[in-house]
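The chain below stands alone, shown as structure tokens; this is the form predicted on its own.
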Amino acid sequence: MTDTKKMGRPRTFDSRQALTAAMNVFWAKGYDGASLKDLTGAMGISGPSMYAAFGDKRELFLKTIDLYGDVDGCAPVVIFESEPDIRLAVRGFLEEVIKYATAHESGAKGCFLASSVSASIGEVEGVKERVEKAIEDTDRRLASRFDREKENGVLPEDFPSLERARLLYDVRQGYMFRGRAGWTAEAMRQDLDHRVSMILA
């Protein structure tokens, strides 16, 4: 006899899409401003389904931070790591950042970590550690690419890889802030060549 008791209903939603929808709500309204009604409405699921799949509001928020780090936050870094020419790699990184800052598919502007998540550091347990890890991981990946160019003789041996990696990341955050303030992609691209040269000088 086949035991079919307590099997429950199969989930009828895509977890990744639901998390992305929740992330966009947190992005627009912040942690405190995002109500459970806002979140479940955007995710297209009921309150009990949200709790069963993602936990409470805090756990859901932490999962959206992880999602951003795995997907959106890494797109410029992937371009930087994959473009063979280092100058084009830096430019490609910044071009992608400008695109994200002004024309993200969700309609959100700026960086999720900088514009929304960072405001909850010290208020929501687990956020500070995630933000620190995201920054450190990005610094490490960017510096590793510069180190590779030093090994290949493209960049001088005394090129300060970690320092320039941090500068590149900080330029990224500046673009994100400008995007949130309403700057256009065209306006931000005007001094792009100068910034590329500054990073590689």
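Each residue number is its position in the shown sequence, starting from 1. Treat the numbers as computed from the prediction; the structure is a model and nothing was measured.
The same protein has a further form, the form predicted in complex with another copy of the chain, not shown here; the description that follows concerns it.
### Task
From the candidate stretches 149-157, 58-66, 42-50, 27-35, select the single one in contact with another copy of the chain in the model of the complex, where contact means a heavy atom within 4.5 Å.
In short, 27-35.
### Non-hydrogen atom contact residue 164 with another copy of the chain in the model of the complex at 4.5 angstroms
Yes - in the model of the complex, heavy atoms of residue 164 and another copy of the chain come within 4.5 Å of each other.
### Query
So in the model of the complex, does residue 144 come within 4.5 Å of another copy of the chain, heavy atom to heavy atom?
Heavy-atom contact with another copy of the chain at 4.5 Å: absent for residue 144.
### Query
Hey, in the model of the complex, is residue 115 touching another copy of the chain, heavy atoms inside 4.5 Å?
Flag for residue 115 set to yes.
#### Entry: in the model of the complex, residue 74 touching another copy of the chain (heavy atom, 4.5 Å)
Contact with another copy of the chain, no.
### Query
Along 39-54, which positions have a non-hydrogen atom within 4.5 Å of another copy of the chain in the model of the complex?
Contacting residues: none.
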